[in-house]
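Same protein, same chain, two forms; see structure 1 and structure 2 below, as structure tokens.
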Structure 1
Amino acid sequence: MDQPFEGLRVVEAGGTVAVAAATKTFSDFGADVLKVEPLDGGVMRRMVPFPDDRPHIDRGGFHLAFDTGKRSIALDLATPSGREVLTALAANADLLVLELPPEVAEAVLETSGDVPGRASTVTISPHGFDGPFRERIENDMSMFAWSTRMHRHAVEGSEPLRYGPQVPSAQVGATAAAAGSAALWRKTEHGERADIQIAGVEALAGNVDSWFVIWSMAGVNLPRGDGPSKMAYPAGNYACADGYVLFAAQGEPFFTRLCAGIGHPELTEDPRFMDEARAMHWDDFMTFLGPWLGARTRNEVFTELQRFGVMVAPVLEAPDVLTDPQAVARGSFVEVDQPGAGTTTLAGPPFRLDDAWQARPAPQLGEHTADVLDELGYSRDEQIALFRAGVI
């Protein structure tokens, strides 16, 4: 079957993780994505890691992961000529996705506003284009702090913690991808274009782990304990021979199944572990569970207790996922031959649709500038003039 976005053109501008994550969805599912980048490549191409720790503008890990299959145009959008080129791109595209300073983004939108049949737009910014914080510059960590989620992402009584680097930005990109997909559907099905604004802080605050819903209903912030629960157990992370496993076996029938699985079915009749008394005897229970876990690996714990129907899962580290039997069977990770960088391993499709997804190599900076300008009708003399003026 054809890829779902095949035949559609998407233009990306900004050089950030969020905008690149958003348009990766369209590129991997068949759209022609034109990545308009700053002349120096922007921030994302400079983000670690690099193969063999050798910095290179075309080989950064985030670039290789998020720019799969795109075409790169190096263009200075701070110049009128640069915005003129972007306007021409928008006039020949179905969707324009931007993360630029508000004044630059508004200039781009205003310039392209009178172009017949121009693309729908999705604009990303930290706080939106109005309000007292519209000009604020944020990063993934500060947006996470603004969203209320960092406050709850912590052990009670300790300082708040960040997510892994760029996770919040990638989540904002996922929101932009969903909005852009809706805009494309509206345009292809009804012939109506859309202008969509996404404020990163709002996109993050609306996520389910913000705890805002709990506060709005209960009026309080619930405490967040450290380590496994010692009152309703076993729940949380528990150490085993080679790492940790996650239990959610505090309720019935899972507690009874766990006791049978570790060879102590009699514990369900032990007064220490019945009803309200159980909350007072976590240490006693660990004299049975602790040694059993310590003698087994994560996979052994998971495999043995699955036979008893216990709610348990191994806590995997990054290298583990490549050999995880389920990930291997599903092809959850793929290899891409990246010119200049060799074979890279990337996450596979976020959802499955037969023959719809394909990860292709990421482009070199400005690799397709001349080709795209040819498509737009710029003559060689005009391209040389733009190059000499530092626009491309």
Structure 2
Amino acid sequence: MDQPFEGLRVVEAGGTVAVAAATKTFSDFGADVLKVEPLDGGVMRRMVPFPDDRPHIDRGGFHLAFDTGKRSIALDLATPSGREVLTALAANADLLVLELPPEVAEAVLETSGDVPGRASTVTISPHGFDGPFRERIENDMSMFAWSTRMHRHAVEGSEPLRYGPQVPSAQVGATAAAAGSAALWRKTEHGERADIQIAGVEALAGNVDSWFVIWSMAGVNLPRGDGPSKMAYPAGNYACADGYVLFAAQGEPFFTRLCAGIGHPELTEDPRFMDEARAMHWDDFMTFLGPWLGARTRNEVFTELQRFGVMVAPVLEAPDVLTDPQAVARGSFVEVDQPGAGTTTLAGPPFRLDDAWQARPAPQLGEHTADVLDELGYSRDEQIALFRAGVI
């Protein structure tokens, strides 16, 4: 069976986390993805970690994870010559995903606009190309700060925190993948192209886990946490024998199930823990829950209480996740033989559609420049000229 995105050609340009994350799913599900990169490889190839902490343009953790199966063309898009090559690529593609400085992106879009049958486009930027913030330079943290979600990611009164490295940027990329896939559908099914614009701040602030709608309706900011809530409990991280487990069992029917799960079904009839009185008796409840948790590992708490239907999960570190029974049973991680970097362990498919999905090695910077220029019909002399001019 063909891969679901087989036969499609997708071009990405910019070398950023968001564009790479956007096209990864297309690549792993069969599309021919051409990665147009800056001559210096761009920002994502420089992101940690590196094997043995040796920085290397072809061995960064984000590059190996997000560039799987793509072909790489190194091209200076700040020049008309570079944009001519990109325009030729876009003329033969179904989708162009780009994140470039506004003036370069506009030049690319304008040039490629003259080509018949050209690709649909997804243009990513932190703020969009109009408005007073058009020229602002942001990074993963500052874009996140504008989205309200950093403010919520804090203990009340303390410094707001970022998420894990590049997690918001990856979400912006996943947003581009979602909208881009719909554009691919429109183009292949109806022959109509589309131009989509994604502002990272809007993509983050408009999705769930932004609490803007709640605030707008309720008129107040819901209080942020200060450790596990002693009013509505158990919710948040609780210590057990070998680490922490996370509860979301403060409401019914989960609280009743929890009481049953820890062998104290009578607590749901105990006036201290019924209805609003519960908010006053967290310490009392912990005399039951604390010792029960202390005698069990994260996985024991997890599996024993899930049998009762309690919303609880182990707080795992990276090595624990790789050996988690569910991840092992499903093959949630795969190994890829990466030339130059040995065997790398990567996350598996984002969704399972029969046996589709494949993880292939990530390309070296500019590995396919000559092949692709050949395909586009550039003569060897023309390629040498581009090289001498510093365009490729």
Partner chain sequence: MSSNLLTGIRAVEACEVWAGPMGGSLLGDLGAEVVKVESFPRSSMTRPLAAAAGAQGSVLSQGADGPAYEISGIHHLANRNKRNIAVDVRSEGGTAVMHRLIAQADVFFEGYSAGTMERLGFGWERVREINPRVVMVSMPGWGVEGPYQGYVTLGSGLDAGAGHASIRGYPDRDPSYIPGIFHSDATGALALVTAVVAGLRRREQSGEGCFIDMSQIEVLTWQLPGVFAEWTMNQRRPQRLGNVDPHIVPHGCYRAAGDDSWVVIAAETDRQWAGLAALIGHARWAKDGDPRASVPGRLRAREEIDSAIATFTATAPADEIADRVQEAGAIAAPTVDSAGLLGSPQLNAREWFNTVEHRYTGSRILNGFLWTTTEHPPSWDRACGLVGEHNDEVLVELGYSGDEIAALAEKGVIGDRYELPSP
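Every value quoted in this text rests on a predicted model; they were computed, and no experiment measured them. Take the two forms, find the largest set of C-alpha atoms that superpose within 1.5 Å, and that set is the rigid core. Residue positions are counted from 1 along structure 1's sequence.
Taken from the form predicted together with its partner chain is structure 2; the remaining one is not. In a rigid-core overlay of the protein, Thr256 has its C-alpha displaced by at least 2 Å between structure 1 and structure 2.
Positional change of Arg307 between structure 1 and structure 2 reaches 2 Å or more at the C-alpha, relative to the superposed core. Superposed on the core, the two forms barely differ at Pro126: its CA moves less than 2 Å between structure 1 and structure 2. After superposition on the rigid core, the Cα atom of Ala235 is displaced by 2.4 Å between structure 1 and structure 2.
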